[in-house]
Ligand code: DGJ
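In the form predicted on its own, a lone chain appears below as structure tokens.
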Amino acid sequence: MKKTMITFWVIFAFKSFVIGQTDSLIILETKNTQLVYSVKNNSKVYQIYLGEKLTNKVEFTKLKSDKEIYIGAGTSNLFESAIQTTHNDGNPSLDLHFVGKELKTLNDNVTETIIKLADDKYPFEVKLHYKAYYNEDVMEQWAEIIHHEKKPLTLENYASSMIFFDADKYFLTHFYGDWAKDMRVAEEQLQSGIKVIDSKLGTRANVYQTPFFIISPNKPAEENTGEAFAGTLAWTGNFKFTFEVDNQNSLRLISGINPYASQYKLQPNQTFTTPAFIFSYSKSGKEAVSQNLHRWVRKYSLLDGDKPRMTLLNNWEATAFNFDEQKLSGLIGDASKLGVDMFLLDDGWFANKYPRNNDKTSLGDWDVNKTKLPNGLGVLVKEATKQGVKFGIWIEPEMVNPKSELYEKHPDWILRLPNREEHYMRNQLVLDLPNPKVQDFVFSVVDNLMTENPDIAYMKWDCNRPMTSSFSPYLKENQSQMYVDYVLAFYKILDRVRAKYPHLPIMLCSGGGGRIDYGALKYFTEYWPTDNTDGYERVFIQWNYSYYMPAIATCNHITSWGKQSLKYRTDVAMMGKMGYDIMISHFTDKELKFSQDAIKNYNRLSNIVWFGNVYRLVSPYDGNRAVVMYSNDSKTKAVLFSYTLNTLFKEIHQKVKLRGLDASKKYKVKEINLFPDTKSKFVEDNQSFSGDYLMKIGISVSPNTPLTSNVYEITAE
């Protein structure tokens, strides 16, 4: 399909849906949702509606509002503002008025609306961009800020969006955590005043608070009932969400870069572009907004979101830093024997003056360690090719250890406070990415590896510490821009990587789930959700990630963590991009046979998981089991995963009603991923049912034995 673009500008008197002679509407819409603004005769723009689509647009004339679209600080506004600055003459106010609108039809699915605002006394402009993805029911909003005053201005606050809600009550679902405790969930009712979710950690911005939330007006949304507004910020750095319930019981949501220590000096005629706020609304519960966002991520955010992924064997659990060429060659052979697509060499392969034998040295010295690998990486790449698997490698290019040649040669390339002792976390410091020379260095880490070993098929990009005691020698007097400029530099490096290596698979890793956001996804093919690979705990972690992240992006590895069986850990890992990080040589014959068969099952059915619609049927928070199902769009194939959790006694689990099937079709249900020499205990195994029966009556999918799991293949006949 040929891409077309239609653009037009109209100043003051623009063509949109007209209400009388004084007010005009700006209607943004997707298949099921409308966000509507009204331009009043005072040249101010107000939000008058957000919700389920109205058929008769004339009825918007009945809606009134005083909720200004993007409120500046310092005037009559009594609550939180979207933007704040001080003019050259010392005036600390902004009063933004409507001056025009631009409409773009990008293709038959995506439209972009730009609302132009300007101060009526000062040469200061804001362009609010709205992209509506019709079929995905997703919108994104961001702001462009520019001024034409004679001297620079400092932006004190610069939100991406301001959105309003009107309801009796508001319930907020949000996520938090720490290392190996990622993506815990909390739900609370918002009360009068302000609730803030934010991060000030710089690089690993998502460790404690994640940039994902759901607002449920009036009552908590369930999977299939209730209003749900799911939002996130596409920014790989400090973020801030402000939820303010005012004196009229209206909710004001402000999202954007965290202004903490981030006042930005804006030069005359320079444009500052905020990251996009991305959201989806549904009146039919959390399941619908999840599916909307998954479709959008795969098509518009995640790199190669419509392409298959590779299974892999990682050496970390097997060797840590203790390996040599012979041991790695054996592991490559194990990868081939197992049947995965790739072998991934993790940390410890580099540095010579200070060999990387632990995590206390060597970051920054990205030359191959001659003691461990005297013949370089090339011999391992060739061995992998010989064994019929691809080769991948681990890097952490933004970081440096004090005990390294890089630290000795370039002390000016490091973020650290002058006149104070260095503060280490994980024995390392962060490089000064705003410095163009550092950007060249970080890019060269990838480029040199690929130039010397062009058959490298995968990289794992790690980032193991947040920013602390940070000061950029390069920025000098503009230190308040450091947090923002670091992220912009990070994106600039990745733009260079992708210009030269557009489809090289790269995992977005960060000491576990410390760097997960839609802003970074466009550069990466997948992400590492957590270092916690305990199968039981992963059920909860993956459940919560599934609200926002499609399975194809979520790396799930089978390791030795946890007390569950190998089957349990494998079944959990199959709900995403499956990999192994375990000693295959320690497997029994039956464990190896089970794993080989599981990989064959996974390869046969992974497209259903990767590209299908997710249905969270039974929540692990509601009892001692979890049931999740994936179904393709044609409703001809589905895969169901059932996990019995820890119980003190054997419970009787009720039948589960399925979703995502065609009521008129007949389906055969068969248990797969069985351990060798075991038979299914599923009493309805290999039986056929109508989709109507499966969705209205249901089937028994969960045994009552603690820490057991089952996988079912559901096929239309």
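Predicted model, so just to flag it, every value in this text is computed and none were measured. In this text, residue numbers run from 1 along the sequence as written.
The next section is about a form of this same protein that is not shown, the form predicted together with the named molecule.
Q: Among the candidate stretches 233-241, 287-295, 188-196, 528-536, which one is within 4.5 Å of the named molecule in the predicted bound form when only heavy atoms are counted?
A: Looking at the other structure, the answer is 528-536.
Q: Just one of 259, 217, 512, 402 has a heavy atom within 4.5 Å of the named molecule in the predicted bound form. Which one?
A: It is 512 that has a heavy atom within 4.5 Å of the partner.
Q: To verify the annotation, which of these, 87, 460, 616, 567, has a non-hydrogen atom within 4.5 Å of the named molecule in the predicted bound form?
A: It is 460.
Q: Counting only non-hydrogen atoms and a 4.5 angstroms cut-off, does residue 464 reach the named molecule in the predicted bound form?
A: Result yes; residue 464 sits at the interface with the named molecule in the predicted bound form.
Q: Against the named molecule in the predicted bound form, would residue 227 count as a contact residue? Criterion: heavy atoms within 4.5 Å.
A: Contact check for residue 227: no, nothing within 4.5 Å of the named molecule in the predicted bound form.
Q: Answer for residue 524 alone: is it within 4.5 Å of the named molecule in the predicted bound form, judged on heavy atom distances?
A: Contact with the named molecule, no.
Q: Quick one: does residue 394 come within 4.5 Å of the named molecule in the predicted bound form, counting heavy atoms only?
A: Result yes; residue 394 sits at the interface with the named molecule in the predicted bound form.
Q: Hey, which residues along 412-438 are within 4.5 angstroms of the named molecule in the predicted bound form, non-hydrogen atoms only?
A: Stretch hits: a single one, 426.
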